[in-house]
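In structure tokens, one chain follows: the form predicted on its own.
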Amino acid sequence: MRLKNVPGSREAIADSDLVIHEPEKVKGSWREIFGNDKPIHIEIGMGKGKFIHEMARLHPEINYIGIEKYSSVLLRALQKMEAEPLDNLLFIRMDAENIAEVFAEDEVDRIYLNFSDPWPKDRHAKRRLPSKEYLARYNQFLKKDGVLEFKTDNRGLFDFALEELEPAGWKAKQVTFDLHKDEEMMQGNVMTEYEVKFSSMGNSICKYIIYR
């Protein structure tokens, strides 16, 4: 069974108070949703939620929003919250293409992209989350001093992402092609499910931190 086809996942998500079901209606009001003025960090394409749940647990001073397209994957993140509830983590089920419709200017302090779909065919380049087209979307709501962090084991995708920075008007703050051997960038590193899997296979993990 493919994970994204788990029966009952859509119904479970529809019944969950942890999922913001019409996020475009709270654009500009996310701090009111959380009930505080803490910084907001988002992960786009969070998968089963290991990374963002751990980040929220480690950093109660920050509000986190996990965004995932597939219901059955999001369901796994909800199950983590049932096992270990956190009051600084919420979820959205949506396609990232519409991301700029749910956050207002300067509303997000940091963006995480972890092991994003590489969309390997050239004609699908615009669908890649670190593409210049998506960077333009992020530019609409990321704070002026905000940063974006991207991790992947796909060197081709990472090289593509680096090439997209200059035409998109972004700059690299830190770059590594072997994260787990980079002592500075490994400080505070929280691994995703894919990072655990691929690094255990001997794959090098690439990461950058970028800004405008």
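Quick caveat, the model's predicted, so the values are computed rather than measured. Counting begins at 1, following the sequence as shown.
This protein has a second form, the form predicted in complex with a small molecule, left out of what is shown; the following refers to that one.
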### Summary
Note: exactly one of Leu129, Leu75, Val108, Leu89 sits with a heavy atom within 4.5 Å of the small molecule in the model of the complex, namely Leu129
### Message
With a cut-off of 4.5 Å between heavy atoms, is Ile42 one of the residues that contacts the small molecule in the model of the complex?
### Response
no
### Query
Any chance Tyr70 has a heavy atom within 4.5 Å of the small molecule in the model of the complex?
yes
### Task
Check whether Glu82 has any heavy atom within 4.5 Å of a heavy atom of the small molecule in the model of the complex, and answer yes or no.
no
### Query
Even though the small molecule is not shown here, does Glu101 get within 4.5 Å of it in the model of the complex, heavy atoms only?
no
### Interface segment, criterion being heavy atoms within 4.5 Å of the small molecule in the model of the complex, picked from 174 to 182, 139 to 147, 161 to 169, 45 to 53
45 to 53
